[in-house]
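Given as structure tokens, the chain that follows is alone and in the form predicted on its own.
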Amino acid sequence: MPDLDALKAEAKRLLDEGVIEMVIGFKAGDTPLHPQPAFFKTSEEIDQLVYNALCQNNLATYLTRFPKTQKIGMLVRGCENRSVNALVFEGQHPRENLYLIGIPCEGIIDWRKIIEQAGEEVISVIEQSDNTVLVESKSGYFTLEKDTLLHESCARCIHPNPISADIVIGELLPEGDPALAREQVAAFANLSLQERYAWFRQEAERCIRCYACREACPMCYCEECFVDHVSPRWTESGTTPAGMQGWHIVRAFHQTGRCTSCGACERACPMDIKMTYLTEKLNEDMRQKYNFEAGMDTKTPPPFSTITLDDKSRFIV
């Protein structure tokens, strides 16, 4: 856990000195399990700043909702920093108008796992120094191992540290094991074709088309999503099997070379649908075929954005 007082002090300094006009961070939510994104514009407001392992959102999502001329400070973990880098490359905000306050990330707790063990009426959640979490609920007190509570995307995270922050508050953490990230891809690939399709149908057809995954993803910023487009209509918009399958396939392909494996899509899903098995497969293809990982800098283009006039045209339909 980073020093919260140090985070607040840096944020206040940046606002007071006019380096930035706003800080994007978190504040306490209506329940202890759900800190919410917050947009602080004065140093007095910074007193409301919170940060803990229950901060679920990828804050880079909000970058595209403000003018490019606005000078923005943002708390960034490893995945958020990479998402910001990808957005900077795509021209969504100039890097010189950003100040990134880096936080080495020990992983995001999946609040659903707390509810499974402590019940829904949680009163408080306290992270302790021995890598345990003390949960108080109306059912009593529970001491839970933090590692068992992590969201799946965090348990297999490769890059927990900010890679291009303007300042980092907290000690850097060891890099993750790439083999863990590939286990999910390998397990899915080892299934038969029929088993893979059955798994895909099981997940995709539970979808209620609320698009919470789209709203949570920092790389989904199109003013008109393909599912909302009516002329031509790219996919069925209803909750039909074809429509739900089409949504999940095309959404995943739109993230090829852009997804930073943050898992925000899955955390936002009210149906707890697994989605990252698709994007992780595409991420692995990018690593294997192009030696590319999204957001590692602001200069390297994703492979699918490097079409030139010299390319062979056999890919054109």
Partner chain sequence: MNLILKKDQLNHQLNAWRQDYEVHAPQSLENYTHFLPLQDEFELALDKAHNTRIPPKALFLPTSEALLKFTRVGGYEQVPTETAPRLIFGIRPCDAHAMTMLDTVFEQERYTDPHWQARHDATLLVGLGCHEPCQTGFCTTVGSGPFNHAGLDAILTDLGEIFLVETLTEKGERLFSQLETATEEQSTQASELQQAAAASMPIAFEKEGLKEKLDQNFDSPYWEEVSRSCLGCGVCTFLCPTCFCFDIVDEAQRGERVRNWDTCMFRTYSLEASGHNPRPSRVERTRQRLSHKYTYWVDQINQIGCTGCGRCVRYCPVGLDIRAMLRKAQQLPSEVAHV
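It should be emphasised that the depicted structure is a prediction, and the values quoted were computed from it without experimental measurement. Positions refer to the first chain, counted from 1.
Keep in mind that the form predicted together with the partner chain is missing from the display, and what follows is about it.
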Three-residue site Q36, R206 and E224 fully in contact with the partner chain in the model of the complex at 4.5 Å by heavy atom: yes
Exercise: Y62 in contact with the partner chain in the model of the complex, heavy atom 4.5 Å: yes
4.5 Å heavy atom contact, D30 to the partner chain in the model of the complex: yes
Heavy atom of A155 within 4.5 Å of the partner chain in the model of the complex: no
Partner proximity in the model of the complex: D272 to the partner chain, non-hydrogen atom cutoff 4.5 Å: yes
Interface residue in the model of the complex among V88, V133, I109, A216, criterion: non-hydrogen atom within 4.5 angstroms of the partner chain: A216
Position in contact with the partner chain when the complex is considered in the model of the complex, options V168, A212, I163, L173, heavy atoms within 4.5 Å: A212
Stretch in contact in the model of the complex with the partner chain, which is absent here, among 235 to 243, 93 to 101, 76 to 84, 180 to 188 (heavy atoms within 4.5 Å): 235 to 243
